[in-house]
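A lone chain, given as structure tokens: the form predicted alone.
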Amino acid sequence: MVKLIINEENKQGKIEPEVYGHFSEHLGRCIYEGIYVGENSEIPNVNGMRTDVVEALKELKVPVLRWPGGCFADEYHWKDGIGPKENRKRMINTHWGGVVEDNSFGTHEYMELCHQLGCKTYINGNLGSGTVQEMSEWVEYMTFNGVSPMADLRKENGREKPWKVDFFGVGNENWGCGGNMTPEFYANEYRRYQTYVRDYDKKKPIKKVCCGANVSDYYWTEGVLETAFDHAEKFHGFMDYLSLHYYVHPEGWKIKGSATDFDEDVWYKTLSKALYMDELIRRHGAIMDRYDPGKKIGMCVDEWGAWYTNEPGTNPGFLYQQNTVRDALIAGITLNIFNKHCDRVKIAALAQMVNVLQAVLLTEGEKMIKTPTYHVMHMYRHHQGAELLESSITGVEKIGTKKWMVPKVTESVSLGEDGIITVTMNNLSADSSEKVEIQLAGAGYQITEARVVTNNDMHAYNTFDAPEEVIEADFTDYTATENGFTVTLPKNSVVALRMKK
């Protein structure tokens, strides 16, 4: 039998709420139709934001939202998206689908969305095709409380008080769509650009995100840090986070593979690739440790999730895909990994929020559905801001096919301020359940809540005609023992248990 041993007395660090962040790019139907429908839409909205979408996202306790990209960020010129909507510049979104971008969703609309969600702001600046002046003026426009050209312009556009910018990304994927730069060139550009991301309010400093690596490009991490850190120790607030991007492509970058049509071999291949996140964090983290042994710089995994071939009949540039039980497992696996690495991973962003890639919500006109990934993130919300507890698991067998072997069970455990322990476990098996004996150091614990996301069919997903094929449901397959519980995890499931003395 698998044994999960929890030492509730040994706290191993805080799981920052921002690890459960989201990403919204000007891509396909993520923002337009998904989040923003405009004030004159017949779809219920508040200041243009879909009411159903906002209410669903609030249930997730969204901690932070990254915007406007992604690749779009390094071709986005913020002044095109302010002022009267009829006067805003129209452009072609060259990265995503070749469609017209009318800039009706800009800085003011993004800040309104974050206000409605009650989340922190994460702006990604344009280093690839923008200028230092443009980036500097954007920060001034958003955050300066005084008399200046940009503050005056903000007031002319209807916003008297400045906003709070919590995080600012200095460029995005500058090794690729953000300029095809070398790590040394980017690092020197980062040094220059970040200088002008000024803290106009010293009590509310902006945390700066440096562009990190794509997947296993350890050369990039090494090159950026070596160059950027040259004499950087004298600069306060020089770099707060280094990013990492990783997508799960079952069949590789070019082919990717279907979101719904896969066999058992591809099931295990996909989950194996999701587990690869652990190695990436460890190896990039080891490089960061050499330059930042005190772990003052957080890792920011601000693009993660599954990326499949787009659904048949949809614009390939819109990256619209379905979301199955397999994606629930990808989410559960990845979030457990982030929790376990809370000493280094401080921010993350699922890609993307609505209608794009591994979305938590899908919309079609007035209809909206929650995906399996949504339900997993809802169960895991209790980890936000909690303390990671020491836990170890034994007796876990390796399962899968000859080439793609994975551990049958993964887990993480945290203690919330309310004194409740949250245990999240995943059964990666496509065909068999697994008994887990949970042992705690103390006795007298009771289960206060138990939930599960699963379906007997690993291909199951929600549609607008059948929106509840894969949902979060009550879980009852557990029994109390002398110092813990025995739990039977269904096949291909994500389970969350909450317990308190």
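All residue numbers are counted from 1 along the displayed sequence. Note that this is a predicted model, so its numbers are computed, not measured.
Another form, the form predicted in complex with a small molecule, is not on view; read the next lines as being about it.
- In summary, among the residues Thr371, Asn336, Ser243, Gln352, the only one with a non-hydrogen atom within 4.5 Å of the small molecule in the predicted bound form is Gln352.
- Among Phe262, Trp307, Trp78, Phe318, the residue placing a heavy atom within 4.5 Å of the small molecule in the predicted bound form is Trp307.
- Within 4.5 Å of any heavy atom of the small molecule in the predicted bound form lies no heavy atom of Ile347.
- Among residues of the shown chain, Ile281 is not one whose heavy atoms approach the small molecule to within 4.5 Å in the predicted bound form.
- Among residues of the shown chain, Asp327 is not one whose heavy atoms approach the small molecule to within 4.5 Å in the predicted bound form.
- Put simply, Leu357 is close to the small molecule in the predicted bound form: some heavy atom of it is within 4.5 Å.
- Heavy atoms within 4.5 Å of the small molecule in the predicted bound form are found in one stretch of 428-436, 461-469, 444-452, 63-71, which is 63-71.
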